[in-house]
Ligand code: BGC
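Next up: just one chain, as structure tokens, the form predicted on its own.
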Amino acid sequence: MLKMKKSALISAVCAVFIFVMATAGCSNLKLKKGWGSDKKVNDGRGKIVIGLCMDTLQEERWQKDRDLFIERAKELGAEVRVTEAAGDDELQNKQADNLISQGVDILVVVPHNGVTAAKIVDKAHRDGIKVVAYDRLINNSRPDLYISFDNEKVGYIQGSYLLKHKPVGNYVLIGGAPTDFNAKLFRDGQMRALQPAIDKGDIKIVFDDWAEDWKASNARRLVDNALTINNDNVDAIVVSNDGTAGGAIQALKSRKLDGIVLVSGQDADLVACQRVVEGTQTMTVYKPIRKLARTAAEITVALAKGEDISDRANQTVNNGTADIPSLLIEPVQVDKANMMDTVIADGFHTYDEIYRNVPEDKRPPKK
């Protein structure tokens, strides 16, 4: 009788062991086949910890993103751990690995390189951690969410604005970093605006290149080359952001062409807004960063809690591997005429900051 009981006990233990192993196998299979992470979500039992992997903090725009994101996350009771890669792909991957090893609940990544950052997504998912691609899409992987602006529309606004003000002439295209998928989206939008005029022969693209790492110095060098090749016969320069617009304007200034050749930009950086009202930069595209950063913090916390976000992330963007759930915010065209009603009205920059270099009798009245 004792022997039979012992045998039954051993059989029961083995059955439990087999069940546990089978369950674990199914769980792993589900993680490999399913979307994103199967990590048990933080359901409010402890403080949510967010890893924020920044590409760079050297530009004014990214400092604002960081500060606004942290501010909103703290309001929601979450902790944010920030890293900066200074434009180094390998370093960004190592920093993400470190955050993963610290056991963060979720990662938010501003990728320097949308291709190599796929390793971050894969590693995080293997460790059961969800990933949000912030502002820039991560390619060849399955991030759990992409939150940004409608970046193709940014490019379309740039191209159509310059075309409206210079419908005939020689155009130069200065793209952003080739490693940034957003740079491609900007170019797609720019060409959607410009192509009909190109096909009609109204405008001619006389120079086309990309500013590595979004550096103003690279943009200046490229615009210097474009001006030299074309004997200064350039009417408009479609530049993809404000930092590189600054480099383009330096090149123009050295030839006394600043304020004559049209120049686009985006981000509504303070120095760019100053250039716009002074007349050396034609326009910028204002992307309400406060809305982006605070919304990203809110939806990241919701993801970490396992909440359904499909009502907010109700769009998709294809990254080469899959259609990624996305939340895209509308950008706004800004020039001298509507600066007061956009950037200043939103409190993004102050009236006194933007018009600092404009004589008082040339400024619009304060509202």
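All residue numbers are counted from 1 along the displayed sequence. None of these values were measured; they are calculated from a predicted model.
The following text describes the form predicted in complex with ligand BGC, which does not appear among the structures shown.
At the 4.5 Å threshold, heavy atoms of Lys287 reach ligand BGC in the predicted bound form.
Using a 4.5 angstroms limit between non-hydrogen atoms, His125 is distant from ligand BGC in the predicted bound form. Contact annotation for Tyr171: none of its heavy atoms lies within 4.5 Å of ligand BGC in the predicted bound form. In the predicted bound form, Arg61 approaches ligand BGC with a heavy atom inside 4.5 Å. Checking 262-270, 221-229, 192-200, 76-84 against ligand BGC in the predicted bound form, the stretch whose residues place heavy atoms within 4.5 Å of it is 262-270. Contact residues in stretch 206-227 (any heavy atom within 4.5 Å of ligand BGC, taken in the predicted bound form) are limited to Trp214.
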